[in-house]
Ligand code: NDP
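Single chain ahead, written as structure tokens, the form predicted on its own.
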């Protein structure tokens, strides 16, 4: 089979590999739709997870099952399936402790294009199929379905980590595709004021559509001052879905004592994050920072799919650029790398 791979740090290309073998609990799928991610960009061009050689990229896909292992109960060849970007080993200790995303070690539930070949190929392997696949609902938009792999659950996890409750005043820092889904999740949770931080007009417009009450443009001045002014004081909760290692400095400064920060931003470089000592209450302000890789798994995919099918969320609105054919994974990824201002998320549909 052919796949689009990270050849080494800073280099990509098409390679030929053997079709992966199917274990007794596993499935082999072929893609129906694929989506490049900023994490793919960080992996290749920042070397964020270390040097990888001839590793097929990609972790966002909708697929069709072509083979299942002898012990798989709920899926068969021909089934169309949602596939989470995070595919834990569900019998691991970490999974039983409630941290499935770390089954096998820290972040080891993230297998595609991290510990094994990803989904940008003619075929790809899914471990623990009964736990990590979900049936694709009939008539679901493939763009929305592909966003359920990563963008939707990651954005929602930021809201879970921040523990957003009804009536909370909330800041969402970064309104790319993940941050936009955090805005949608905060609205579903019943947040009152939602301050969405970003500068791109298409993202800002979609954030308002998803439930943001205010857009805070960092190009217009310090976001801490802007949000403190708009909110007449610190906010209750913050989701960090963009920015860099210094973003926590801003978040701590605009957060009330006893507030929580949920971080789902992938910090691809640097050695440390900055936390302001005094504004953190000299370490005693009860300002919590919780950072987490989103949980994967079938149940989560099914629940998020219900929200799509009932019209509660509209992740298909994230798709701004559509390509056709596996060969167009490459230009779609380069689009994510270059980030033109009209981009939110590209989608690649198979012929």
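None of these values were measured; they are calculated from a predicted model. Residue numbers count along the first chain shown, from 1.
Keep in mind that the form predicted together with the named molecule is missing from the display, and what follows is about it.
The closest non-hydrogen atom of residue 227 lies beyond 4.5 Å of the named molecule in the predicted complex. Among heavy atoms of residue 123, none comes within 4.5 Å of the named molecule in the predicted complex. The closest non-hydrogen atom of residue 129 lies beyond 4.5 Å of the named molecule in the predicted complex. In the predicted complex, the named molecule sits within 4.5 Å of a heavy atom belonging to residue 150. Contact annotation: the named molecule lies within 4.5 Å of heavy atoms from the stretch 286-294 in the predicted complex, the single such stretch among 23-31, 309-317, 61-69, 286-294.
Remark: none of the three candidate residues (56, 95 and 116) comes within 4.5 Å of the named molecule in the predicted complex, counting heavy atoms only.
Proximity to the named molecule in the predicted complex, defined as a heavy atom within 4.5 Å, holds among 178, 83, 186, 238 only for 178. Proximity to the named molecule in the predicted complex, defined as a heavy atom within 4.5 Å, singles out one entry of 162, 170, 173, 146, which is 173. Heavy atoms closer than or equal to 4.5 Å to the named molecule in the predicted complex belong, across 38-61, to the residues 38, 39, 42, ordered by sequence position.
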